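Here we start with a single chain on its own, the form predicted on its own, put down as structure tokens.
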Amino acid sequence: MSNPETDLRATNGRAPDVFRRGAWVPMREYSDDEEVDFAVVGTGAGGGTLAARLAEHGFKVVALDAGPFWRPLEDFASDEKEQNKLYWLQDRISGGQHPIEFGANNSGRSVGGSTVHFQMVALRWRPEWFAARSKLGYGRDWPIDWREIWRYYAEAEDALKISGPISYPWGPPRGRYPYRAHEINAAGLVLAKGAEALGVKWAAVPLSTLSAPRGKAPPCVYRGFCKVGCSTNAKQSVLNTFIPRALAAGAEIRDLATVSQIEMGSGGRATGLVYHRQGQWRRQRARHVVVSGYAIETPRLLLNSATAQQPQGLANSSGMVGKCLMTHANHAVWGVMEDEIRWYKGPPSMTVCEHWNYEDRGKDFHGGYAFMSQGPLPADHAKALVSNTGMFGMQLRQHMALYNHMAGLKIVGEVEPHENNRIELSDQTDELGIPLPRITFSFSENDQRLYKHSLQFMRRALESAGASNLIETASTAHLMGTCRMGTSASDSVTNADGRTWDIPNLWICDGSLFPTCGGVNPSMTIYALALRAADRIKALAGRGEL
């Protein structure tokens, strides 16, 4: 059996069939010298979705990913340590007052990107967040009206067969989710009990894992290993949804392909990519280049592609490439319940409270946060206890002996966009000679007021539900910003379509486009942006404006 971390799987006219052990599906291939319509860098929620949609629109597409092409039925184990292989664990230099930890919470290295290990939470943005400056008085306005994104949310939810509640208690009315909600586990009911005691609403989390069969994919069996890779294909990731669509529509997927630079021609347009695969440096010609490497690798690639004409990096005349990095505050409160909870059974987050995303009164901070029930696996939770509390040895063993009685609540908390939070290139290089990214991040005073508020509220909720021995932990999740979209070339990198202001055939399609980050998980908004971008590209092509 080949090693997917070293041996190519998408090659010789075929790619893995992720739904059948040892099987293959046909794959169209392009030569490096053939000028494809679009070369897409990265195959996560942005790049993988866009590649599929562009191929379905009839474009010639090659999508490259630095990670392996996994077969979930064969490659994924019920073992936390083994599944670290899904994370982007290459060296990154992290600094600032609150250095970000990279890996499980924010970075994937796989065909399908971070969606292969994401927590499957499928939430929409509050409409007012798309006009945060105009309507709420902080952050920046997006260049897209919320109604347009909400239409694409519905399409993404159908593509992923999101399992959700019949009615969702926050925001404008929306249609029914494609699949019924999952039965809520005991950990989710703890949140429900605490929320009701405090007089706020709660709901089942819309999840990107099946509650009923879908084609060759079975429904979720609640084995609890969702976050470290679903071995049954119940999780609806890009790997088993949009990638098969891309292949069927004629796109080529290149696994284990690391892109180092975007090449520029004499006319101020991109001409292709330089990438490393199978021990060789190669060049792919392309009429258009789309960068979808997420909030660290996208600016890293643009900065490393600097030319004599654009010495500060490509698409960086505004100086905004790499700036305004955002993460989500991911602080939590944990407690011990008298009853057995067994929180590991089922998806990690099964109930949510968005009260403080939609309520603006009674706050001493801008922005909002959602909090959700939790179900961490043992090693993950023990690590959080050690790093946050210093608990170790016999004390840690005794606390972990209470594992089956534990419950927890954790936020996805909005963070402000500040230019000092940024990505730069360091003087150190990786094994391929590419400069390492140097990341600087610090929570603002507003960010700190937000997560302190959340900790107090979640403490009250857990205590109201009957929890004792409460412990707080601090963390971050997700990455956004660094190549924000906008309405002006003077203070943004791209327009609303993800098309860079400086280079007309260079596009960006991932979470780096976010001008603000909201208080929910970013995946559904990235999916929506990708679907919209593909449709906009098709429309522009139809008018001869590409």
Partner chain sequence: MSEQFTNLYPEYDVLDKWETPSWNEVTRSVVQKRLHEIPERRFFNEQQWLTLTAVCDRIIPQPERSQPVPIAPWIDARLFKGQGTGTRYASLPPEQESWRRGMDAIEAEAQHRYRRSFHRLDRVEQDRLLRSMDNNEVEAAAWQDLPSKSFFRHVVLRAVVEIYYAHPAAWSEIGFGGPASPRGYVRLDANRRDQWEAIEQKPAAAQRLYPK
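Remember, it's a predicted structure, so these values are computed and weren't measured experimentally. Positions refer to the first chain, counted from 1.
This protein has a second form, the form predicted together with the partner chain, left out of what is shown; the following refers to that one.
- Taking non-hydrogen atoms only, residue 81 approaches the partner chain to within 4.5 angstroms in the predicted bound form.
- Contact annotation: residue 217 falls outside 4.5 Å of the partner chain in the predicted bound form, judged by heavy atom distances.
- Contact between residue 416 and the partner chain in the predicted bound form is not found at the 4.5 Å heavy atom cutoff.
- Contact annotation: residue 232 falls within 4.5 Å of the partner chain in the predicted bound form, judged by heavy atom distances.
- Between 169 to 177, 110 to 118, 201 to 209, 386 to 394, the stretch whose residues reach within 4.5 angstroms of the partner chain in the predicted bound form through a non-hydrogen atom is 386 to 394.
- For the options 197, 400, 154, 432, the residue carrying a heavy atom within 4.5 angstroms of the partner chain in the predicted bound form is 400.
- The listed set 95, 319, 250, 213 contains one residue whose heavy atoms approach the partner chain in the predicted bound form to within 4.5 Å, identified as 95.
- Counting a residue when any of its non-hydrogen atoms is within 4.5 Å of the partner chain in the predicted bound form, the hits in 195 to 232 run 221, 222, 223, 225, 231, 232.
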